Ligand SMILES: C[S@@+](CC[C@H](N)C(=O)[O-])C[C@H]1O[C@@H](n2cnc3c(N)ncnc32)[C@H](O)[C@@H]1O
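Presented as structure tokens, the chain that follows is alone, the form predicted alone.
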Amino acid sequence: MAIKYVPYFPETIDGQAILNNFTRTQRFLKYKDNDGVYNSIAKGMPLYEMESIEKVGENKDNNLVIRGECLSACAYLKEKDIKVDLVYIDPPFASGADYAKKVYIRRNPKVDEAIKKAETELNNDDLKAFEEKMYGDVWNKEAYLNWMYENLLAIKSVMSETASIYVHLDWHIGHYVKILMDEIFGEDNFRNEIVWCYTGVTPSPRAFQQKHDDIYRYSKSNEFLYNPQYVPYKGLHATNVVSHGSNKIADPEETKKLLERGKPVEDWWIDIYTVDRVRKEIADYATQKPEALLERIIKASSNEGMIVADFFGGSGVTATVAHKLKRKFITCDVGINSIQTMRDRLVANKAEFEILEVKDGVSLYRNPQQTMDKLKSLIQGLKNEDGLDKFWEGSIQDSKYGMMPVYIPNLLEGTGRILDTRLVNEIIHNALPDLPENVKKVIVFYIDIDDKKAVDEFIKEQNDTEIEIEFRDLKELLSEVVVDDDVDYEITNNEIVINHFSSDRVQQKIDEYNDKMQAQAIKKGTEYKPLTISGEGLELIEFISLDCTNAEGTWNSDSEIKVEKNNYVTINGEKTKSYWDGKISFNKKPLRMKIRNICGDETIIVIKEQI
């Protein structure tokens, strides 16, 4: 449960934007008849406990990587009175797409044949892999806009007076968010709509190719920082550069200076390639953006030593570029794979930082989407029920009560996870009346409950139906999800040798993938060779870290290796052309060992053997 609620601003915000399906209550946004945004904003940002997970280097600049949602991260920063000087966010686009990560199975270093094969370069096509769903960008428009409104308000509350924000979207929802930003930051503080154009072929018989994103730039006030950016003139000579927009030929010396300085960057960018054209940057993250894009933004709206923030950190490109440009950084994401990608990328770039985790009861699995998918299999007896409204996830049959509809909070939405009188009001007055007459009881799962006494009192006063409402804590169910992987190892001299590794979670994913591909092969009349794992299971290991400093608490990685998808090993952030030999070395006695499997689950082992 939240420790307390941190107010966004001392005063309310004047409404500016006008849209037919938006109305205002007490100068706050209200979408149709859903008052969730107003209630949540009036309450403030939920502040949860923070746990320090890992510290990399001395971190004198207080760089932060936060696992948690934007709202929770901003509440923490507001409570600590930390202001940021530039914000870039690349939130979900409400594109309706599901994004998956390709999970590569490594080669077993204990098999001689595998080592011999590794002597030749491997193409990605030669690597065994399967896909795992990372997150779904499927949104109800009302829910998305309410969610974004809260996030943008939270972000504004931690921006300095001279700060700017860049919001990266596309045609799916960008025009709606533009109106929200007019509302929150003020129309007078709108600075640019940047159009980032990129190449690639996505043919459509009925439309022009959609090959650009929109980036909305706003400032918090009129006292914003901006450093003009320039690009080289192309195909121009000093003799034909027109001066100051006139028809006169410029003075040769002045023209020379103009050519040396370059052409001012305009609001349409055609000179920055997508990551698939800059392959050295690829971090195997579905929505990864190129470093050149962030370099231009960070240089334009911040100076060295300032704090750059990204509250949808993804692949860590913002934090990485900020570090390279000698800025401080704060970044967050709710997915563990994102945090791991950022962490490894920053370590490789010699950055120093601390990883914090928001203890809000949501970060119990790899990401909210996978947690949502997992819940359906954890709730015993839950099945789909065609006759129920989409508000209900399904139903459970009970010998006493018969069919019991089940509500599960959407972990992808901030307000939906909190059980309060607003949600109970929706259940009583909207959801219960539409249920079949034979329903006697419903089950409502929750992550966080605002005020149990107030909720019970509200039900007593408002529930005129005969239907009983039972509340169940979802965290108790989710605690069963995470089970450590099994590791067998031995210590020899200054090395830990991994003899055996097994992961029920990864094996289950591989079995599901094999079943799916086998079914497709049978349908097509083709043959499918299933993915198999050796008896040692070492090909399921992606990362090993040794903590020789702390026996508990914040992790300190004194020695680490990462087995890349091509089986080359990165040692303490340094890429090598060596293949993993199943070992990790150390200089000081290791107290703990952390092993990450190829899907991103991490297991910590306390080392008790004497060395």
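What you are looking at is a predicted structure, and each value in this text was computed from that prediction instead of being measured. Each residue number is its position in the shown sequence, starting from 1.
As for the form predicted together with this ligand, it is not shown, yet the points below apply to it.
- Taken together, 85, 303 and 329 are entirely out of contact with this ligand in the predicted complex: none brings a heavy atom within 4.5 Å.
- The stretch that touches this ligand in the predicted complex, counting heavy atoms within 4.5 Å, is 69-77, out of 265-273, 514-522, 69-77, 494-502.
- When this ligand is considered in the predicted complex, only one residue from 213, 344, 183, 90 comes within 4.5 Å through any heavy atom, namely 90.
- A single residue from the set 289, 509, 220, 101 has any heavy atom within 4.5 angstroms of this ligand in the predicted complex; that residue is 289.
- The closest non-hydrogen atom of residue 335 lies within 4.5 Å of this ligand in the predicted complex.
- This ligand in the predicted complex comes within 4.5 Å of no heavy atom belonging to residue 394.
- In the predicted complex, this ligand sits within 4.5 Å of a heavy atom of residue 314.
- Using a 4.5 angstroms threshold between heavy atoms, residue 489 stays clear of this ligand in the predicted complex.
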